[in-house]
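Just one chain is shown here, as structure tokens, and it is the form predicted alone.
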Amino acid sequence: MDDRASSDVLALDRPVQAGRAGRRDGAVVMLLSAAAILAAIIATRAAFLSADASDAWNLALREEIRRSAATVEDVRFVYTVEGPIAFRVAAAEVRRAEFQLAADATSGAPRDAALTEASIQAGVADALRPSSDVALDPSYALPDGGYDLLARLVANRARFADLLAIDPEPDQAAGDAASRQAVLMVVAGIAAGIALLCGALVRAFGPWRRSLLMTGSIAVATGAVVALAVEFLA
């Protein structure tokens, strides 16, 4: 009679124990599911942020190449195409002035020779000047002789305002910001990893079940909060 009663009690107790085990298993499943979803969202967002950073850096690099190429071309044109002709004109003008001074300081045959050379140098300058925009524009002439090629370079660059306005810094800064945000998002993903670890350890460490579930839940909440903060505040 006693054995039958004990059997009845055990039979009634089995559904209760099964329900408790089901609830415990359900808690683990919920923790693992939440951690997995959080990890997937964080990983996806971090991947998109990394792609945005890469795109911004590539754009900044292309802009820097365009700006550098434009600068190099302007310098090359002014100092290797226009500069040599302007230099020859300036040299001829200096020689003409020196020969004229020599002629004024002497007389006779030396004076005639100096005047002839001064005339030749003036002809050289007059012949070369039409082929030099620098020499033709009096705004580039220096008070002591010669021409201001730096001013010519500035004026030549100003003709291409679109190239002069190229600034890769904003895109570079945007890439840096996206990269930092991606790194912070990955850091937030560490909390999801901790939650997954806690859920996996529940079976192996039954006595610590409650602590592991609590730690995992806190890790999921922390990871979600950090991810939201990185998304909207970083």
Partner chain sequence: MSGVVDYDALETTSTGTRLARATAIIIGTIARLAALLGLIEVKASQQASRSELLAARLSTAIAERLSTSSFLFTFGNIAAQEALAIGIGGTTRVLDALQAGDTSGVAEALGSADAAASERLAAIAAQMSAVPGAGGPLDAHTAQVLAVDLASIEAMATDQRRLVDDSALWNTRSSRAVLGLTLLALAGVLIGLAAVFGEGRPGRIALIMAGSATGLAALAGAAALI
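The term rigid core refers to the most C-alpha atoms you can superpose between the two forms while keeping them within 1.5 Å. Please read these numbers as outputs of a predicted model, since none were measured by experiment. Positions refer to the first chain, counted from 1.
Just so it is clear, the following notes concern the form predicted together with the partner chain, a form of the same protein that is not shown.
Task: Non-hydrogen atom contact L136 with the partner chain in the predicted complex at 4.5 angstroms - done: Judged by the heavy-atom cut-off of 4.5 Å, L136 is well away from the partner chain in the predicted complex.
Open item on the list: Even though the partner isn't displayed, in the predicted complex is V28 close enough to the partner chain, meaning a heavy atom within 4.5 Å?
Closed with: No.
Open item on the list: Within 4.5 Å, heavy atoms only: does A40 come near the partner chain in the predicted complex?
Closed with: Close contact is absent here: in the predicted complex, A40 is far from the partner chain, nothing within 4.5 Å, heavy atoms only.
Task: Contact of F87 with the partner chain in the predicted complex (heavy atom, 4.5 Å) - done: Yes, F87 lies within 4.5 Å of the partner chain in the predicted complex.
- [ ] Could you list which residues of 65 to 90 come within 4.5 Å of the partner chain in the predicted complex, counting heavy atoms only?
- [x] Result: I65, R67, S68, T71, V72, V75, R76, Y79, T80, G83, P84, A86, F87, R88, A90.
- [ ] Inspect the rigid-core superposition and answer whether the C-alpha of V226 shifts by 2 angstroms or more between this form and the one not shown.
- [x] Comparing the forms between this form and the one not shown, which are aligned on their rigid core, V226 does not shift its C-alpha by 2 Å or more.
TODO: Could you tell me whether the Cα atom of F48 shifts by at least 2 Å between this form and the one not shown after core superposition?
DONE: No, F48 moves less than 2 Å.
Task: Core superposition between this form and the one not shown, C-alpha change of V202 at least 2 Å - done: Result for V202: yes, a 2 Å-plus shift.
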